[in-house]
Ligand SMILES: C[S@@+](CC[C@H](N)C(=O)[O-])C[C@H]1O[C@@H](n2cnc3c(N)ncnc32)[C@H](O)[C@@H]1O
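Take a look at this one chain, the form predicted alone, written out in structure tokens.
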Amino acid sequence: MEPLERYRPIVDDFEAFLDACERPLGNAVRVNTIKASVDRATTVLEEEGVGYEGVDWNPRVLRLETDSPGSTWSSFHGFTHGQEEVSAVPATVLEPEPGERVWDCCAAPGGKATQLAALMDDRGTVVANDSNLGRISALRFNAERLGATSLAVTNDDARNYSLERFDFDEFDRALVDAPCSCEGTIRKNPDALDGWSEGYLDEVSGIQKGVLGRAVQATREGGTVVYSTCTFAPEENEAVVQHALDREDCRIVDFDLELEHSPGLTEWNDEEYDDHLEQTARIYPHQNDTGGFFVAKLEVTA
């Protein structure tokens, strides 16, 4: 837990934050509305004897009373998909519409990409890309199990992604759920902080800046880009968004989020950030009994 001490000045009720980080995370699933309505999925869970509880902020997310959410009948048949509750936030904030062209830049293993497809009623195109070839098989498996026929899977480096393979030259929306130091996953991955170093933050933030920059470039004027991580480090969050504001044609926009959260930072150590970064969201584990996350919403301006 020692690396988390650096966040004591920015986290309200820091002791509650640490206590939450030390507690195991419960299991949650997302109802896959491509295959089943929420009512149908919950009926199946009841028939199977699996207890569940809905969450207030998203009717498609359920907390399950089982240690094996991926072993249920509803999961096997694609009615539900095991997905951490807070992990469902970025696609919800992106608000894709049926018929649009959407790019999930770092998509494997496919939880958010298939969520995007479901939000679009599986109509349109979701380009689910990942640079890690070893994770593509999981992405394809989940797309098939969940019946997401609108997905096109690609294996490329998002930092220099080319649209020449498509018959269009820009996306309507893009999701950058970036590779990160994963500090916010400590409740389900107790070894998440092993090997943590500020040097790694510098390394991974360079990748994040490249991916977010390319996402903005590949999205049409007036389109939306959502940037998210499952970490607390400002170097990977506000600093990355600030880099995009400084170098790309985009602006931060506000969004509604019914989960309890804290505003983004406008300063960290000796760095100062745009005041609009307060419109981003920091979700800490103790606020909603979830993992940790950061979410920012951008509008492309040119």
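In this text, all values refer to a predicted model and were calculated from it rather than measured experimentally. Position 1 is the first residue in the sequence shown; the rest follow in order.
Missing here is the form predicted in complex with this ligand; even so, the following discussion is about that form.
- Using a 4.5 angstroms heavy atom cutoff to this ligand in the model of the complex, none of Lys35, Leu62 and Gly78 count as contacting.
- None of Thr219, Asn129, Ser205, Thr231 but one reaches within 4.5 angstroms of this ligand in the model of the complex through a heavy atom, and that residue is Asn129.
- Looking at Gly110, you'd find a heavy atom of it within 4.5 angstroms of this ligand in the model of the complex.
- Of the heavy atoms in Lys209, none are within 4.5 Å of this ligand in the model of the complex.
- When contacts are judged by a 4.5 Å heavy atom cut-off, Val89 does not count as touching this ligand in the model of the complex.
- Among residues of the shown chain, Gly213 is not one whose heavy atoms approach this ligand to within 4.5 Å in the model of the complex.
- Contact annotation: this ligand lies within 4.5 Å of heavy atoms from the stretch 173-181 in the model of the complex, the single such stretch among 189-197, 144-152, 120-128, 173-181.
- In the model of the complex, the residues of 151-174 lying within 4.5 Å of this ligand by at least one heavy atom are, in order, Asp156, Asp157, Ala158, Arg159.
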